[in-house]
Ligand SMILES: Cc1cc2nc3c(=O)[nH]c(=O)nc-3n(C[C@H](O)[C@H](O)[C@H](O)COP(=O)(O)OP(=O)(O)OC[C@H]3O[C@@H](n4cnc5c(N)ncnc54)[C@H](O)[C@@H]3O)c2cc1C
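Below you will find one chain, with nothing else, as structure tokens; this is the form predicted alone, and questions on how it binds or moves follow later.
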Amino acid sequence: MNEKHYEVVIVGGGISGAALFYELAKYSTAKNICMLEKYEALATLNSKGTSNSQTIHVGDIETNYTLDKAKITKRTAKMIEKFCLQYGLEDKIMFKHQKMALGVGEEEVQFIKDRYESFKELFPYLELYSKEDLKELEPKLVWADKEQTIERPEPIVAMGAKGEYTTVDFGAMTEELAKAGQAADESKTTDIFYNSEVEEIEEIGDKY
């Protein structure tokens, strides 16, 4: 290890580190790339399945996102989808689920309707669901009783989508990115070291 020098040293083998490792290995001119992980495996902390919601935040139904932020988020989120499709990982580590943002009451309903009008050009697959639609899609949101005889009096509307990729196992994707990075170009050195905590980085010429 001490005798190996690299053009790029990536510290940390989570989803971000592995994504950078893959991008550099497949698309850059760097010939010597190294990823260091201080634990015994990749994605043991924040990227692990038990540490986050595993949601692909595209920006379509995230009501705290502005349209400008959604444009940026969509581009980067689609990179997740494209990678998984490229390597045949759909329905293995990436999945489709129904998703929606709900508005209850006059103020929220108007907010959702306005947002739908603003966002539908950027996300053409978005749908606006009326209370009647929601009786079929998510009946528990509409009915106040188990017997479904008493309807909630408030106005309710939702915007959402069906058939879109919504979730990914980021831990598994981290491993797939690392594997694809090491297989991307046989002429490159793409090393991954585990149980390797960084104590010091020294620059020697144009390598580290």
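So that there is no doubt, residue numbering starts at 1 and follows the sequence shown. Quick caveat: nothing in here was measured; it's all calculated off a predicted structure.
One more form of this protein should be noted, the form predicted together with the named molecule, which is absent from this view; the next part is about it.
The single contact residue among Ala183, Leu45, Ala144, Leu67, judged by any heavy atom lying within 4.5 Å of the named molecule in the model of the complex, is Leu45.
Not displayed here, the named molecule is kept clear of Ser28 by more than 4.5 Å at the level of heavy atoms in the model of the complex. With a 4.5 Å cutoff on heavy atoms, Val11 counts as touching the named molecule in the model of the complex.
The closest heavy atom approach of Thr55 to the named molecule in the model of the complex falls within 4.5 Å. Interface residue remark: Lys38 is counted as part of the site for the named molecule in the model of the complex, having a heavy atom within 4.5 Å. Just one listed stretch, out of 154 to 162, 175 to 183, 135 to 143, 47 to 55, contacts the named molecule in the model of the complex at the 4.5 Å heavy atom level, and that stretch is 47 to 55. Contacts between 92 to 125 and the named molecule, taken as any heavy atom within 4.5 Å in the model of the complex, involve no residue at all.
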